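Shown next as structure tokens: one chain only, the form predicted alone.
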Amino acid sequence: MTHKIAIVGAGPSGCYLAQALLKARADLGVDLIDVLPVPYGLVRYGVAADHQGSKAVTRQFARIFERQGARFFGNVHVGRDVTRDELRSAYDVVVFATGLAADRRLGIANDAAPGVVGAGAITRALNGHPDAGPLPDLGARPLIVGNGNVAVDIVRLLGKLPDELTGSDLGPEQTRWLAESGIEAITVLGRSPAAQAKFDPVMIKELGKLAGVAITVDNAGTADDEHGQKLLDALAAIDGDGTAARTIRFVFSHVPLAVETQGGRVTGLRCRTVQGDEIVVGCTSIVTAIGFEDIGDLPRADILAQADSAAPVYAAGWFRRGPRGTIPDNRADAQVLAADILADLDGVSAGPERPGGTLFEGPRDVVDYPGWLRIERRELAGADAARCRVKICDRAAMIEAACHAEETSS
């Protein structure tokens, strides 16, 4: 009898882990379980809609199900539909790879005021996540706090002209929101000097290709290492680029102190400069792009404590190590974890036959991998020349698509 492994979370961490486990031991029974009716998590709902090259990693993940024998069980909420104890009874090993979904707050006065919104919430809404809230009114002068690639993604999408979004998977509602935003000026503000920013220089240079913006970079400063110099060179390459009326301005070494409001609306962000002065950077909204944290849906601290014990429970990706690293980084992390799991299983008998995926049988709307393929085919069929797919954004509609085979001509 083979060992059965449940991976909770079918995003990149979970998929890379399944890939590594099955490459090393093709006899394992590996099931990926996700709260959503569709797989791929962060790739589908976190990677920017205009970065289809990054999203193409899903073709690699598809081989896990189509060639390596992993199974997908979507629309399963662990903690509601099945308990953690039920999972541990049904599988020899349980791995939690559910990521971190909540936007980290600024931790300053008035940081929950109306008009302060997380970049992750905007990204999920733009990507058509079924549980996303409505896209917010950012006003004419949004300010983005953060010096990482998520901040650049938001800037780039807000700055693009409609025809620059061709080939993306933005839906009609999201496309309309961008086109009708009325944005005149975007400020990108960082606490650290420019040379310490977390931007990928390639992402910065991509902003220089935008046709409908003019870009300025303030107080970039100097660098004392090669990586910092690459960042400064990338920023210098876009400084002064463009002559359009819509502007993008980068500001560094400004420490946020408080969100300023008037009449229930954001009016600015009070900051301390590197010189020690307090100033207010005016804006109509604030988008926080400073990382992610636990939303408390699964008791992360409890699970991590179990993962450190002798129990066959593990944690992977951001859920384990926090919001650090890119999607490719998760591949290396998954390979290390797979080796640890296999070492722990080495010489251990699989014991009595575990029920595994039969745990999900019964009168509930569980979506399997063929069901996901039916969802995907419907999305691809709905696309026009300007879009690579039209996502189904409603959970019930996803399940309906998954459960109904396409009509074929006679």
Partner chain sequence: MKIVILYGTETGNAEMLAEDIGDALDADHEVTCTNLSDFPVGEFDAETLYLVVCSTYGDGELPASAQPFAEVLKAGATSLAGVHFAIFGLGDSEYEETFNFGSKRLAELLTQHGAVQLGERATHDASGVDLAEDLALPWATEAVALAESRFGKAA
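Residue numbers count along the first chain shown, from 1. This structure is a prediction, so every number in the text was calculated from the model and none was measured.
What follows is about the form predicted together with its partner chain, which we do not show.
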query: H129, L359 and R387 each touching its partner chain in the predicted bound form (heavy atom, 4.5 Å); finding: no
query: In the predicted bound form, the one of R84, K198, K230, R270 near its partner chain [non-hydrogen atom within 4.5 angstroms]; finding: K230
query: The unique member of L345, V35, V57, L42 whose heavy atoms fall within 4.5 Å of its partner chain in the predicted bound form; finding: V57
query: Contact label in the predicted bound form: A185 to its partner chain, heavy atom within 4.5 Å; finding: no
query: Touches its partner chain in the predicted bound form: V202 (any heavy atom, 4.5 Å); finding: yes
query: 4.5 angstroms heavy atom contact with its partner chain in the predicted bound form for I327; finding: yes
query: Close approach of E206 to its partner chain in the predicted bound form, 4.5 Å, heavy atom; finding: yes
query: Candidate stretches 337 to 345, 61 to 69, 24 to 32, 379 to 387, one within 4.5 Å of its partner chain in the predicted bound form by heavy atom; finding: 61 to 69
